[in-house]
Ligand SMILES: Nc1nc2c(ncn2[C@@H]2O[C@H](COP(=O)(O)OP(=O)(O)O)[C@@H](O)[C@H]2O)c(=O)[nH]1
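This document opens with one chain alone, in structure tokens, the form predicted on its own.
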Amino acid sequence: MTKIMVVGPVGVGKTSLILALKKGDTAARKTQAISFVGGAIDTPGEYAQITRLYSALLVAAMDASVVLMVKDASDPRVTLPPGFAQMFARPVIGVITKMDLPCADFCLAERLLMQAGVGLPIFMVSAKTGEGIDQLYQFLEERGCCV
């Protein structure tokens, strides 16, 4: 089984996503440094937002076979630069989180992930309700990824 790496800006729910995929019931806490959680690599959001920290993401990605790039459906801001996904020498899968929120804009989130260089498929999930988690888990499992 190979590892996944989860990347995205602060507050998008990267750690919550990992816990939901692991069927964990612990509460997510702020990730302060790159951490290895079972078969997942959890990255601090600042690493995706501060260009001088990109090299740390690239080094960590060497231990992963797939990168999950995460976008919060309730945040209309551009939080990842255009073409960001192309810096990884790994397949990059898009994940839209917080789909349970009433202000979620799936079309905008998908468009922003695609601008960042993510191709299809893009998964929509809610770590809070569990919606979409099983589909993402199955997709990753079919590709030999463990969480």
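Every value quoted in this text rests on a predicted model; they were computed, and no experiment measured them. One rule holds for the numbers: they count along the sequence shown, beginning at 1.
The next section is about a form of this same protein that is not shown, the form predicted in complex with the ligand.
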Among 82 to 90, 60 to 68, 98 to 106, 111 to 119, which stretch has residues whose heavy atoms lie within 4.5 Å of the ligand in the predicted complex?
98 to 106
May I ask you to check whether A28 falls inside a 4.5 Å heavy atom distance of the ligand in the predicted complex?
yes
Would K22 count as touching the ligand in the predicted complex under a 4.5 Å heavy atom rule?
no
Although the partner isn't part of this model, could you tell me whether G11 comes within 4.5 Å of the ligand in the predicted complex, counting any heavy atom of the residue?
yes
Does at least one non-hydrogen atom of A127 fall within 4.5 angstroms of the ligand in the predicted complex?
yes
